[in-house]
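In structure tokens, one chain follows: the form predicted alone.
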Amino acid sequence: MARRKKYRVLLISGDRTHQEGYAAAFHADPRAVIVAVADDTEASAERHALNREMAQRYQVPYINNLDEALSMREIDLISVCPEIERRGRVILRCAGRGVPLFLDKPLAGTSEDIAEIQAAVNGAGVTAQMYSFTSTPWAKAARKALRSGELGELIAVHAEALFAKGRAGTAPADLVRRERGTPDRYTFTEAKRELFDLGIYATVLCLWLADSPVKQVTAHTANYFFAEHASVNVEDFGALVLEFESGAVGSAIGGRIGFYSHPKIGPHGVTVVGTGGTRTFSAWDPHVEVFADEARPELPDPHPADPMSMWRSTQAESGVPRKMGWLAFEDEADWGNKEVSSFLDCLDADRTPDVGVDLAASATEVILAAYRSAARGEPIQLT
């Protein structure tokens, strides 16, 4: 697309979604300006109220009719972040607007929605990018080491994204939850489906580094840490093993492990095994360890609208502290800014993003297959 002085951004959905981070990143980039927040008329009254809060924060109009918002001439790109249950049909309508799309992760909650989104975005010829971790320095370093030939031919890749948030140790000790092959709901106040929401990061990294279709998925989900997840019958941890058509294998883990389980926001990184060597790329290396006589940061009482501290807005309201025992050279708060900046770089250069709609679709299909595998206790064939 032709470069404008600023990319005029329309935000779909607002507070208590990942749009909180995406909007902040667009607002921070001098190439972008937020022009409105919008959503569909079918959204709940609570969702409309939360969307208005974001619109007020950025001092832009709130449009509670998606058709009206998409008819605006002053739109150069759309950041799309509705609940998973509505995501497919909202993205389809946004794709019809014909401007680039910045998409929340995962892409959608059903194979049917994924296929329709992929067809619509590719058919419209618009540039689309799903949020991931591929723009982080540690992920880019892994990709560079692999592509340079430093590690030889890929044998295996492992990726992990575990978030140290919430008060762990509350899950019922005797709980053995049986997974459902087809999740019927994704949006809860109490918790998230962590294989879906966090496992997607690790899965994307595996697919991006392996650069090969996945032919088989084997997965396990469990409830190890949180009563909140158990109360709504969703997993707090998931692990999967991938077999690629290239012959390489992958493993990915995603989950929530509790605020006090890690000095920062949790273990994040990749390990690449090649015929020429093995290297691990961590989000926290290098870092400086800080020792002081001050008391450790304490979690406040849970926010009634967000007991697991999932959202920036409720974290700020509750007073969730930042942990400063490790000072990383790369601040995790900047990861979202790098992803948005990378998207705008692609638009500037008319370049395809690392995680375009096709890779986003493949990674999300892997996650859905992982649920089927966990439910059946057996591998799932994809190709």
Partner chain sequence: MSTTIAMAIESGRIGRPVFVRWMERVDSDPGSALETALGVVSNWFGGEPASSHQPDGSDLHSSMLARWPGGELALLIAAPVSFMAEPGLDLAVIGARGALYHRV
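Positions refer to the first chain, counted from 1. What you see is a predicted model; the values in this text were computed from it and never measured.
This next part talks about the form predicted together with its partner chain, which is not shown.
The closest non-hydrogen atom of residue 274 lies within 4.5 Å of its partner chain in the predicted complex. In the predicted complex, its partner chain sits within 4.5 Å of a heavy atom belonging to residue 218.
Not displayed here, its partner chain is approached by residue 261 to within 4.5 Å at the level of heavy atoms in the predicted complex. Residue 237 belongs to the set of residues with a heavy atom inside 4.5 Å of its partner chain in the predicted complex. Checking 126, 75, 151, 120 against its partner chain in the predicted complex, a heavy atom within 4.5 Å turns up for just one residue: 151. Interface residue among 158, 140, 86, 97 relative to its partner chain in the predicted complex, by the heavy atom within 4.5 Å criterion: 158.
In short, of 307-315, 141-149, 194-202, 275-283 it is 275-283 that has heavy atoms within 4.5 Å of its partner chain in the predicted complex. Residue 379 is the only member of 346-383 with a non-hydrogen atom no more than 4.5 angstroms from its partner chain in the predicted complex.
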